[in-house]
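In the form predicted on its own, a lone chain appears below as structure tokens.
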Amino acid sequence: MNPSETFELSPEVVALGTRRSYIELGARDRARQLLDPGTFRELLGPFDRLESPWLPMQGIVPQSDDGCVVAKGAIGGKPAVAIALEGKFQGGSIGEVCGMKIATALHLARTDNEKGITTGAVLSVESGGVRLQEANMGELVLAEIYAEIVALRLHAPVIAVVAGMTGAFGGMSLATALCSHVVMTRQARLSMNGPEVIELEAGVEELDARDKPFIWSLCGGAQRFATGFADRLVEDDAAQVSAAVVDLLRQGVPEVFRTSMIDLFLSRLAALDTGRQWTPGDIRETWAKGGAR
């Protein structure tokens, strides 16, 4: 090979090399990424040391922000609040402290809207659900989160971003579903019960949690987008995630919320022939053709 020869990389390879992964960002950097540059202002940050009082009682080291970052700022030049869960701390699970941080942030955003200050919210979800060590408190605070999402979304969009690696499961899958819009990456997962839980309860014959391609074909970002449970499917690119959030916030409050489409989902369920085994591909094809609508 002639040392003087040069090779041109394809635009796809160049784009991949310059992409900044959203998945690899921690919760604080995710919240900062979602807000306009220079507008990030964290509320109840780590130096406030608002920790879980329950974890040390069970021999678990707490985190000084309880795995939840809340920040005010602007998105697309408009006031907004960004909330991000840290999946690396207790699996992003919801306990008393981090749950109340989320609920209170949404409440403050709703109060701003009621005062005439249009304020959207973005919730970066990375959670397996309720924190088992704080089960009762976690369940109670999830109810607060649900109520605040439903109240706020009447005034301004509430956007959920599910990226990976944990995904959105359990109680936080319901919070995600209640949001005005959902943004997912291909690596993300969204489901009420996680694969390991289903396997534990129903057996490996029903679902093998080790079968990663099958799991992602069931609840991965591409499948959720194709079947209407996510509004945007983006690559693992921080800039793409931000652009999708800005665009959805600018669209304003949707005319119909997904949680109001009861007849649609009931008709889809009624049209499924339970006498045969449906595959994820079958579901996507049926929905694409307008079947069961």
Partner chain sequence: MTSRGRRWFEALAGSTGANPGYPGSLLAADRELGGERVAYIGLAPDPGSRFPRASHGEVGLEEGWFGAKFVRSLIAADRNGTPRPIITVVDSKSQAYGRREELAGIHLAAAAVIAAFAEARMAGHPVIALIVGRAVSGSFLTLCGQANRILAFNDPEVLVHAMYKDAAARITRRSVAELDQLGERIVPMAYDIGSFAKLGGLHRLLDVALPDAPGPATLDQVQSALVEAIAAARSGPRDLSGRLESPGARELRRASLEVRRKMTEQWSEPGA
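Positions refer to the first chain, counted from 1. Because the structure is predicted, anything quoted here is derived from the model rather than measured.
The form predicted in complex with its partner chain is left out here; the points below concern that form.
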Quick check on V256: any heavy atom within 4.5 Å of its partner chain in the predicted complex?
no
Should M165 be counted as a contact of its partner chain in the predicted complex, where contact means heavy atoms within 4.5 Å?
no
In the predicted complex, does K78 come within 4.5 Å of its partner chain, counting heavy atoms only?
no
Do R186 and its partner chain share at least one heavy atom pair within 4.5 Å in the predicted complex?
no
Listed residue that, although its partner chain is not shown, lies within 4.5 Å of it in the predicted complex (heavy atoms), from A244, L43, A226, A238
L43
Since the partner is left out here, which residues of 178-192 would have a heavy atom within 4.5 Å of its partner chain in the predicted complex?
L178, L190, S191, M192
